[in-house]
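For reference, the chain that follows is the form predicted alone, supplied as structure tokens.
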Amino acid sequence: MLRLISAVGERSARSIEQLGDISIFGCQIVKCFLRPPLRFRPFVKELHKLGVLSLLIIGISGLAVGMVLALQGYIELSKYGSESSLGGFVGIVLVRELGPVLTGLLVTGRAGSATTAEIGTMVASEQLDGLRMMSVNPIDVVVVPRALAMILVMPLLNAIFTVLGLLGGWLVGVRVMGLDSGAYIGSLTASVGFQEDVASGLLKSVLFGVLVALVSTYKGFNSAPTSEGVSHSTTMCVVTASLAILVSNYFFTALWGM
């Protein structure tokens, strides 16, 4: 029992210490961002890598999720004679929850892990040490453009995911199930509001972008300078960021509805 308590206490203390390190790391990112000059060209390059190259998986996933939601929703709603509410059902589920959460998880798996692996490789190849030898802050040059790009692309990718999901729901509901198009769109516009739904989804995606940017850059920056260290940091980035998204989603939803 004493060993169990000691192990739990040691792990808890280590987690709290790491949380403090991540907070300090985030403050350093903000400090470097507020201090000129802004490195615009690396920022645009990261926008392309993290955003444009993620469009395919985001688009296909959004369309598929919307189609599945419409199919399952139509089957259940038809039991109560409420097929005309399909648009509102798909819209609320996508805009409020599935859009931001699934976008965050997909971006974590594709772009977040790539960011951690890239920065970790720089650590292993001593590129960051070379920047320090030239009196260049590696956080300013390497981390800030990637973090800013991640925060910016997350709500944009969320919007694309949601729009394509609504399109997929329309295709199944109207073209496959024979629901009236006006009924689908009317239910959608009547059920989805801006402040309660759209603003909530966008703010969630911004929050998830901050979390993924912070975790991915921190794990890569503090990676062990070996191939195993880079692999471990990449895995922990995906696990930690995914859990952070799911946990923060609950608290955000609970506080937003108060």
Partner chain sequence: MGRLAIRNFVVGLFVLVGLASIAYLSLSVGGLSVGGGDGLTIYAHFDDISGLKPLAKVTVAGVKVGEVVEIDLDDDYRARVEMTLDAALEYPYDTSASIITAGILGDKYVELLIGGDDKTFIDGDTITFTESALVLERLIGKLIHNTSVGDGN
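Residue numbers count along the first chain shown, from 1. No experiment lies behind these values; they were computed from the predicted model shown.
Absent from the display: the form predicted in complex with the partner chain. The rest refers to it.
Colleague: Since only the chain is shown here, I'm wondering whether residue 28 would be in contact with the partner chain in the predicted complex (any heavy atom pair within 4.5 Å).
Modeller: Judged by the heavy-atom cut-off of 4.5 Å, residue 28 is well away from the partner chain in the predicted complex.
Colleague: Give a yes or no for residue 45: in the predicted complex, does one of its heavy atoms lie within 4.5 Å of a heavy atom belonging to the partner chain?
Modeller: Residue 45: contacts the partner chain in the predicted complex.
Colleague: Report yes if any heavy atom of residue 155 sits within 4.5 Å of a heavy atom of the partner chain in the predicted complex; otherwise report no.
Modeller: Because a heavy atom of residue 155 falls inside 4.5 Å of the partner chain in the predicted complex, the answer is yes.
Colleague: Does any heavy atom of residue 147 come within 4.5 Å of a heavy atom of the partner chain in the predicted complex?
Modeller: Although the partner chain is absent here, residue 147 would stay clear of it in the predicted complex, with no heavy atoms inside 4.5 Å.
Colleague: Just one of 160, 98, 179, 77 has a heavy atom within 4.5 angstroms of the partner chain in the predicted complex, so which one?
Modeller: By the 4.5 Å criterion, the partner-contacting residue is 160.
Colleague: Here the chain is shown alone; which of 198, 224, 57, 64 has a heavy atom within 4.5 Å of the partner chain in the predicted complex?
Modeller: If I apply the 4.5 Å criterion carefully, the residue I get is 198.
Colleague: Decide yes or no: are 130, 136 and 240 jointly within 4.5 Å of the partner chain in the predicted complex, with each residue judged by its heavy atoms?
Modeller: The answer is no: none of the three residues contacts the partner (heavy atom, 4.5 Å cut-off).
Colleague: Out of the stretches listed (137 to 145, 68 to 76, 183 to 191, 111 to 119), which one is close to the partner chain in the predicted complex, meaning heavy atoms within 4.5 Å?
Modeller: It is 183 to 191 that comes within 4.5 Å of the partner.
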